[in-house]
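One protein chain, two forms: both are listed below as structure tokens, the first as structure 1 and the second as structure 2.
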Structure 1
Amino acid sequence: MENKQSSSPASFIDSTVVPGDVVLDLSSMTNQTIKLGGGLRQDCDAISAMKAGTLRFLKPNKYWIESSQKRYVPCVEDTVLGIVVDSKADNFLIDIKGPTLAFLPVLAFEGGTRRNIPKFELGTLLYLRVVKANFGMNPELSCTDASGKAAEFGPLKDGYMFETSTGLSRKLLGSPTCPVLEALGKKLSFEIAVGLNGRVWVNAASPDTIVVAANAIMNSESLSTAQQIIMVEHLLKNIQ
């Protein structure tokens, strides 16, 4: 069976694709630099799908396949929530829900030197950035942004972490704001960190707020915009 060919870069955007579909033809995209996200691979001038899902595009030049799954496949520049599972002389070993453990170099922090190596207890939750994700190798992580600044990365203290599908994680990080987060934000004050690896952390002054926010997010994946708003209103009645 022949693979479907794309006549233009926009042909498959926001459409369902399956493994083997050629979604982009680089020979027709001269003088353009693109970034490939999860679910895509390059073979000469052909960019093809490696998994079933929806092809997404983010300006100016990033493409990826969005799908809802529990298993996470690391991709460079993904932001993830990781759990420290071991500590070595040069690296921390981190569980990011991927096929293998990832490693976080002890110097991968803003101003990191051998004199100020951070100390993390096993089980510490960290907000991280994927900097290397080569096939067959353990992913490499960092606690800085691309400019070397700590930004929002680092340990997440207190609060509550729960797991979702990777598809829901992308929706929560999407633009415009996900309806469930917009509805919660109008009534509640809370912090949230979302990892593209299907983990979400929420924190608030009140335990009731944490419970409501977590339940609303976990229940939202299969609901329409209107249903998400109604669901949030129902949950808010429990803390009024």
Structure 2
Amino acid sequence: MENKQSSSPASFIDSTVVPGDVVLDLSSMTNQTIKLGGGLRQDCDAISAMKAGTLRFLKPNKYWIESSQKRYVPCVEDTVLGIVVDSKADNFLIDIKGPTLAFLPVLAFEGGTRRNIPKFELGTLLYLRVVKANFGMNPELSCTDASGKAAEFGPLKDGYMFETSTGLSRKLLGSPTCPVLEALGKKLSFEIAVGLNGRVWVNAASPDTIVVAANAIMNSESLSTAQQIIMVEHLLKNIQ
């Protein structure tokens, strides 16, 4: 096991940190504005990690910790896949794999008025956007984008939904396109919706395609690019 010799901040960037590690010492950096993202906490002059993961840095001044969990912590402007659990007078109660249920106001649809309230059955899968996510309160969701248009939000019909970790969801949504999706897209035709809360929905013309795509995505989390491409070829060989 190697020992970390220096404790200068540069040595922690892009390496694994655990909760309690002091990753930045503010007394050695004066007159700078630093932006702290998720997983970091300020204790007077020391910035310490709160989550286990990789410390990332984006010029000029953004630091954050990237980690992958099965649990989801709701953040504003995330797109998530939610399941309708209950409906009340003003809101639908939606499960988004967070610490509490989220509220979807009955009017939060494009052209939504009291007269045309959508009727969702219990168990409907919806593609949603998080509007408010404060600590201790139930998050609020919406089926429109910030300007009020529907923009692909709403119920997802047919298809198959499976759960992943939050890290894999972020990789699937990253740019350039994730290698597994590119490899699948060259041979198969399918559509997917990825929720940052660790849920992925796949739909295609035939069930075989859906199963192969779902298995390929689920297997791809810890594989490198080359390994992902080999794994996809292996799976595709079996259905052709």
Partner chain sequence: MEKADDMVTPGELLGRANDLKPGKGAYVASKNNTIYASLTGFRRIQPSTPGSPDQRPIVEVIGHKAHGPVPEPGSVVIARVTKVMARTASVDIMCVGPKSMREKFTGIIRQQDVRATEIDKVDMHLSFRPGDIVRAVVLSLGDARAYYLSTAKNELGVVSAESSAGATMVPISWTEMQCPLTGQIEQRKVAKVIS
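Basically, rigid core = biggest C-alpha set you can superpose within 1.5 Å across the two forms. It should be emphasised that the depicted structure is a prediction, and the values quoted were computed from it without experimental measurement. Numbering runs along the sequence of structure 1, starting at 1.
* **Label of the structure corresponding to the form predicted together with its partner chain** => Structure 2 is the matching one, since it is the form predicted together with its partner chain.
* Is T54 among the residues whose Cα moves by 2 Å or more between structure 1 and structure 2 after superposition of the rigid core? -> Yes, because once the rigid core is superposed, the C-alpha of T54 moves 2 Å or more between structure 1 and structure 2.
* T16: CA shift of at least 2 Å between structure 1 and structure 2 after core fit? -> Yes, the C-alpha position differs by at least 2 Å between structure 1 and structure 2.
* Rigid core fit between structure 1 and structure 2: Cα deviation of G39 in angstrom -> With the cores aligned, its C-alpha sits 3.9 Å away.
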